[in-house]
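Below you'll find only one chain, the form predicted alone, shown as structure tokens.
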């Protein structure tokens, strides 16, 4: 659509050179036919180098726009981006064109496969599975019943996806108005599962707002895990049941997340770190250590604290009994 039209739709001011815009993208990835947004000063250096055809930005940062980038001025760029995302959202699970299925692949009769999706040799897709458009399923991957894989996702070779898994749904992302309304952000990214990944039953992996949510080679994910948008895991991670990774969490290689542990978003966990069951990660941590508790500390310190607390409570109870 034309920038002038989009500006009206998202309540932004536009006085530049009108041009056609095809989609939304991140500042780093955007091309001259795409629009992006700048929410705050943390991405200012990236903004100065962006190749985006247009950027939604507040008035205070407009002066830093590259020469060939048009500007849409907004009091709330994040909210304006959310409104724009609805306009550029694709029709999901398009089936207007044929998929490509290798002869050696086995697909049950009641499976839906979207337009131009590729199913490689040796793949087995069981009953009730729904696969969106422009998906690629690598060789010898096994997909159990009732799994849903959304548009544009990539599944590597030799993966195992257990029943009722959801790969590529929108992340839990909203922009908020002054009146308290929650405006949905339609995610335009995807999920990439690298080779030899296993996903347990009932797990959900959200696609990225822009770019990819990525699960590293050889990573094993248990049942009932939630992985948020734009998360990344290194290779050979172990993620145990009921773990929750908030958006943009990055795990290094061979990270182990114990049952019911969780992270807040936009943080990094170093290589070979281990988070004990129910540990709460609220800031980035180094690798090679075992952590536990909340607020998170080294597991050995957490255990010492629990022993001291138990002794204190026992002593306190004894004093009360004497009274």
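Positions refer to the first chain, counted from 1. Everything numeric here is computed off the predicted structure, so don't read it as measured data.
From this point on, the text means the form predicted together with a further copy of the same chain, which you will not see here.
At a distance threshold of 4.5 angstroms between non-hydrogen atoms, residue 87 is out of contact with a further copy of the same chain in the predicted bound form. A residue is said to contact a partner when one of its heavy atoms sits within 4.5 Å of a partner heavy atom; residue 152 fails this definition for a further copy of the same chain in the predicted bound form, lying far away. Although the partner is absent here, residue 139 is not a contact residue: none of its heavy atoms lies within 4.5 angstroms of a further copy of the same chain in the predicted bound form.
At the 4.5 Å threshold, heavy atoms of residue 169 reach a further copy of the same chain in the predicted bound form. Proximity to a further copy of the same chain in the predicted bound form holds for all of 221, 294 and 305, with the criterion being a heavy atom within 4.5 Å. Residue 243 is the only one of 71, 79, 208, 243 with a heavy atom lying within 4.5 Å of a further copy of the same chain in the predicted bound form. Interface residue among 192, 133, 225, 123, judged by heavy atoms within 4.5 Å of a further copy of the same chain in the predicted bound form: 225. Of the candidate stretches 97 to 105, 71 to 79, 179 to 187, 208 to 216, only 179 to 187 has residues whose heavy atoms lie within 4.5 Å of a further copy of the same chain in the predicted bound form. In the predicted bound form, 146, 147, 148, 150, 160, 162, 163, 164, 165, 166 are the residues of 146 to 167 with at least one heavy atom within 4.5 Å of a further copy of the same chain, listed from first to last.
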